[in-house]
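A single chain, nothing else alongside it, follows as structure tokens in the form predicted alone.
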């Protein structure tokens, strides 16, 4: 009898376990039922607080063997709303699929938003359960939505992959940086460092396969009549889309223009090979929750060196080209005397000669030291200009000298009395730059070669 009860109990237990395995997909959704947002642009709205543009991937076009690179691989929806969640809700009512943010790659803000509302937006994004904390943030001087409208690469069919490659350029160019949502949020909350963002722009891409129009139409122009001038066709599109409040949205696919024009103009656009493309080139600097300025070119290179993030960059010194890399982290000491921070910095860099001009042959051993001195002087000027600009003009410690200062104090209360971010503008810098130059020469001179 006991054996029979045992068999019945085991059978019931096995049946219960089997039933639990059959319930795993009751709420599953097919990929075709979802719409994946890969880019978000935030501009100032006209009727509502924000004009939010969502870039949505089109998987069918991405996976198609016959699809052209960058053509119709994503579509854009622009909606005015008071928050991102509201914009997504409005967008979902106009599509046949549920919007998903889990694969979003980039968030672009206009400078107008960066100078007023960016901090609040970042706080909202970081609290979202769907948006990844490692999402990159970009500030664009023009309308943020134009950055997405022109993000249709020539050599890449997958727009998400294109963003990954574009953002990775900071690792090998030295002229931009990589800033993610979580980094901005934490630095903005810190008392010892200020946040930064990637600075983006729209530049002209010239396709070498075809002729260019000296006066090309905007690749992302808004609805306009054929009599509109080119200047007006490339102006802000917020006014043309803002009249409908939350229900007003505009969508476009690929890089096609929505403007109406004559048949002759359409023909010219098809023949024109010149287009606009996004470019990441610089840093947007923040202080007191707002954007206070930008760093470009060599200033960004100096920032990469000071934050030990320089992987390598080719640098032109007159007719000479060298490859610059970072030997080790900068040696930094920070002390405060009254309200005057004294910051001692020693920068250690490596340089490898790539090309030597005709005027001076640096392959000769006696000229190697001259190259080293010129590089040290040049980079000392570059880094000094960067430090003075961030301290005196921007009043923003984006390097994080305040974090290094922590080692001088035993308690946080004692450190907070200094109010580091307020006194950073008084900083006095003592900078030393040291180069190790490798000419990578095989022979010291032609004469030596001839004698062997």
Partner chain sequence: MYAALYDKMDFTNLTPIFGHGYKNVFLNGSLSVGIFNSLIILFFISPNVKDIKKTAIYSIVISSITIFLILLLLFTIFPHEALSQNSFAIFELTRIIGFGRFFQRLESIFSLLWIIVACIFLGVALKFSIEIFMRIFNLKYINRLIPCICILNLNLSILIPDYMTSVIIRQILYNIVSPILFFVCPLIIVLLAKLKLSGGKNESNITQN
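Positions refer to the first chain, counted from 1. Since we're looking at a predicted model, the values are computed, not measured.
One more form of this protein should be noted, the form predicted together with the partner chain, which is absent from this view; the next part is about it.
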Can we say 180, 409 and 415 each have a non-hydrogen atom within 4.5 Å of the partner chain in the predicted bound form?
-> yes
With a 4.5 Å heavy atom cut-off to the partner chain in the predicted bound form, the contacting stretch among 341-349, 100-108, 279-287, 300-308 is 100-108
Contact test in the predicted bound form: residue 49 vs the partner chain, heavy atoms, 4.5 Å | no
Determine whether any heavy atom of residue 403 comes within 4.5 Å of a heavy atom of the partner chain in the predicted bound form, and answer yes or no.
-> yes
Looking in the predicted bound form, any heavy atom of residue 370 within 4.5 Å of the partner chain?
-> no
At the 4.5 Å heavy atom threshold, is residue 185 in contact with the partner chain in the predicted bound form?
-> yes
Work out which of 90, 175, 192, 379 lies within 4.5 Å of the partner chain in the predicted bound form, going by heavy atoms.
-> 192
Considering 293, 141, 312, 133, which brings a non-hydrogen atom within 4.5 Å of the partner chain in the predicted bound form?
-> 133
